[in-house]
Structures are given as C-alpha cells and as structure tokens.
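One chain comes next, on its own, written out as structure tokens in the form predicted on its own.
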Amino acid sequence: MPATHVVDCYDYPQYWDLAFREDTKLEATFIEAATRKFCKFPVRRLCEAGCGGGRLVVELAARGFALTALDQNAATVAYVQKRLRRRKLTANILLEDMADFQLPSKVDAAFCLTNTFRHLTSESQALSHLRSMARNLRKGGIYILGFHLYPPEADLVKIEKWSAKHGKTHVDFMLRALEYVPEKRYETLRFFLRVRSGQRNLKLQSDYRYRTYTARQFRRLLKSVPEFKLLEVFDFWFDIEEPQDFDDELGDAVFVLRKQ
C-alpha cells in the first residue's frame, strides 16, 4: 500500500478536478440560463474566481464564451493553460488572489461555485472579494456565487465518500469534518484522495479551513456591499425554474447578485 502524502491537493488539479466533473455540464447550463434570465444584454465575457482545474473554464470556452479565470495556485494555473491548449481553446488564466484582484477589462458575468468562496476565512477577505468582483463587473452584470450555508441547528456531517473515473484514472475521495467552531465562524475539513492511474498509485491528504455562514450572516455581509443586489437564490440542483427561499432551511445555496 502506498504511504499517505500530506500535500496541498490543489497542486494535483488533474485529480482534484475529477471530484466535481459530473456536475460540469449542469453547472455550465445553469450559468448560461442565469445570464439569459437576469442580464439585459448579450453575455459573452465571463470570469471565474478560483477556477481550480478549469473544468468550467474549458466547458464554457467550448460553448463560445470569452473566459477570464483566476486562481492563486501556480500548478493549477499551468494545468488549466495546458488543458486549454490541448483542446485548442483560448481563455485568459491569471495567477491572482481572489480576495483582491483587477481584471484586464470588465466582464459581463462572473461565477464562483463549489464552496471556493469559503476559503476566504475572514470577514475582511470576503468583503474585499465581493468588492473586487463588483469593480470588475459591468453595470447590470451578474455574479453567481455558490456555497454551503449552515442552518442554526445543523449537524456536522462527519464523513462523505464518492468516486470518479476518467479514462484510465480512478480517484476515490473521502471528506472528513475534523472540527466545527461556529462561534469563531470556521470548520476544518480533511480531504483524502486515493489515485490509481496506470502505474501511479497515490494517497493524498489535505486539511483546509473554511469560513462558515448562516443565512443571517451572509445577509449581513451583503449589506456591506451595496454595489450588489440579491436577485434570486437557488440550490445545488441548479434548476433555473426553481428559486429557493433564502431562510434558515437552505443549506446548498447559489446566489445570483446583480451589479448596480
């Protein structure tokens, strides 16, 4: 059995990206539908904050959108650029901190899904990110922001397991909640990746701290960014015809914000 390597799993985007691969087309279709529903102009220029291995960048570039994406992990940025070249697609991939960034030009719409926003572990970082995104959006543009909320009486999910496969690469994922400290607004999650690909047999482990939000706490944050107006809220089924109530019952939340 291979030894477990304690690493930054984001340094292995070719494996990490598989964790969410099966949701790619669903999410991309929702992004397209949201731009048609909420923008009063044709949308072509998109931005992704925290693009990871680039699954949505590649999918949306293949659908004809002009993509700008940013990530602060150099290995990830290099991998996405290589992935685009292999597909003969173009996009502008930037090595930038999503807490504070400036794009080459304003975009029509932006998105950040799968809890990436919660890597911003302080209120000041989250606020700076929202203001940066507003600054880089054209007036009337939308920002689609997806992450888990914590209902006040939520129980901590201890372990989740799932698997993904692409070609000869098979990855088993396990997510374990190590701690949840609501009074300090954080939780620590441990990710295990068991990778089997050709002759490669790896066991990778990373611990990440995430900021936590209740519905009330995120409403309060939004009030600090008057540049954005909350339009509608959805869940992780990504059904544009099924908006959700923004209340303490909502766990998996997708917010559509409009630049004022």
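Not measured: the values here are computed from a predicted model. All residue numbers are counted from 1 along the displayed sequence.
Beyond the structure shown, there is the form predicted in complex with a small molecule, which is absent from this document and is the topic of what follows.
4.5 angstroms heavy atom contact with the small molecule in the model of the complex for Arg211 = Flag for Arg211 set to no.
inquiry  = Would you classify Tyr10 as touching the small molecule in the model of the complex, given a 4.5 Å non-hydrogen atom cut-off?
reply    = Yes.
In the model of the complex, Asp97 touching the small molecule (heavy atom, 4.5 Å) = Heavy-atom contact with the small molecule at 4.5 Å: present for Asp97.
ask   = Do Ile93 and the small molecule share at least one heavy atom pair within 4.5 Å in the model of the complex?
value = No, Ile93 is distant from the partner.
query = Counting only heavy atoms and a 4.5 Å cutoff, which of 195 to 203, 44 to 52, 231 to 239, 60 to 68 contacts the small molecule in the model of the complex?
reply = Single hit among the candidates: 44 to 52.
request  = Give a yes or no on whether every one of Trp16, Thr114 and Leu120 sits within 4.5 angstroms of the small molecule in the model of the complex by heavy atom.
outcome  = Yes, the whole trio is in contact, each within 4.5 Å by some heavy atom.
ask   = Of these, Ser128, Gln72, Gln81, Thr188, which has a heavy atom no more than 4.5 Å from the small molecule in the model of the complex?
value = Selected option: Gln72.
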